[in-house]
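Below you'll find only one chain, the form predicted alone, shown as structure tokens.
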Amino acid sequence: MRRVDQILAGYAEGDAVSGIAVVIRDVLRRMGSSSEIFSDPERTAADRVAAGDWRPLGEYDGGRDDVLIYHYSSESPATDVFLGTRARRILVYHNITPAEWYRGYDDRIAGELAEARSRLPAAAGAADAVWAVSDYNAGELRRMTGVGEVRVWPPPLDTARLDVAPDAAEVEKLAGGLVNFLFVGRLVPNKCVEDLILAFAWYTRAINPHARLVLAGSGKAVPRYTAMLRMLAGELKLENVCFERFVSPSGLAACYRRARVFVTASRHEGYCLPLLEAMYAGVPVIARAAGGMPEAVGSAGILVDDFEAEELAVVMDKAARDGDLRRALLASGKARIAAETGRDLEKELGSLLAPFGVV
């Protein structure tokens, strides 16, 4: 078996790309391959440093008989490592958020995203194979780079991370007879969390005041955007908008345990694994029909196009209270998850890596 390593722009608990890399590494090791994850130390979170399950990007030194997988989602020194390696190269495109979402909130990040998009053609052109995590991403990649063949490999759901006991304190905190609407994800501009807050405000004033909006995700990436969300909730006098920040796996399990409905109004997603996490937890999902989210949802949730706040509020109410609709959503979600958890990841990766002699 050849050595198959992965490089990331950054590595952190709860980050979707990091989680996918861990699953791939573990599958490769089960297949008998030597496999490590390399990351930029400046973008590796303390939890991963403590865990010791990674190596600094500067230590990577693959040879001609090795394979290097690069998870491309932002600009970082990993791009130069990928372009300079002697190993055979695979680029996995997770999508790059368009820079305009960040301008005015964080121009430094906007610049990094613009740079990442400008360097994508070179990275894709240097790759011996190109994968994408959704058809949406594959189409965007073809348009931006001119690359012809792109293999689509939907990201695997890490059920082991979800099969933990819910944090008892968090479960109790989210009790109290309120209808809990849950969003999971970083608080960043392309997620359009303000649309959720506006819809929730309309819901509590016109439909049901006994409700709670739980926002489970770090707000550290773009502090100005998080501050805007808090100001909006304050101006609307919404006492039950809960900014949970980053939550541990047990805290996340508690959020799913107490959630009545999962809802996201994001306008730009390459795929969106939290939709599948919610289904796995038995929570109906509502998502904007944007980016790769229709592929993640399939026929197992409610997809909405552009909407006014009151329109989303009505959909949220239907998903929370309509018994027939909820039963249909839960049944379709269960079927979606059965298909997802029934995937043979070793067979899938083996097929993708066959041209590289890794099987």
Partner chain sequence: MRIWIEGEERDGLGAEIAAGARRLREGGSAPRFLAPQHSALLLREAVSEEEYDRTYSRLLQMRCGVDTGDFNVPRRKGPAGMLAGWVRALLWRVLRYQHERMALQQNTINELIAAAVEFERQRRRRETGELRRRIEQLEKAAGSGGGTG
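Positions refer to the first chain, counted from 1. All figures in this text were calculated on a predicted structure; none of them were measured in a lab.
From this point on, the text means the form predicted in complex with the partner chain, which you will not see here.
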(request) Would you kindly say which of D61, D53, E311, D26 lies with a heavy atom within 4.5 Å of the partner chain in the predicted complex? (result) E311
(request) Counting non-hydrogen atoms within 4.5 angstroms of the partner chain in the predicted complex, say which of D163, E172, D107, E149 makes the cut. (result) D107
(request) Heavy atoms, 4.5 Å, the partner chain in the predicted complex: which of 220 to 228, 151 to 159, 116 to 124, 80 to 88 makes the cut? Say which one. (result) 220 to 228
(request) Although the partner chain is absent from this view, report whether D135 comes within 4.5 Å of it in the predicted complex, heavy atoms only. (result) no
(request) Verify the contact flag for R245: yes if a non-hydrogen atom of it lies within 4.5 Å of a non-hydrogen atom of the partner chain in the predicted complex, no if not. (result) no
(message) Can you work out whether R142 and the partner chain are in contact in the predicted complex, taking contact to mean some heavy atom pair no more than 4.5 Å apart?
(response) no
(message) With a cut-off of 4.5 Å between heavy atoms, is D128 one of the residues that contacts the partner chain in the predicted complex?
(response) no
(request) Pull the contact list for 194 to 222: residues with a heavy atom within 4.5 Å of the partner chain in the predicted complex, in sequence order. (result) E194, D195, L198, A201, W202, R205, A206, I207, P209, H210
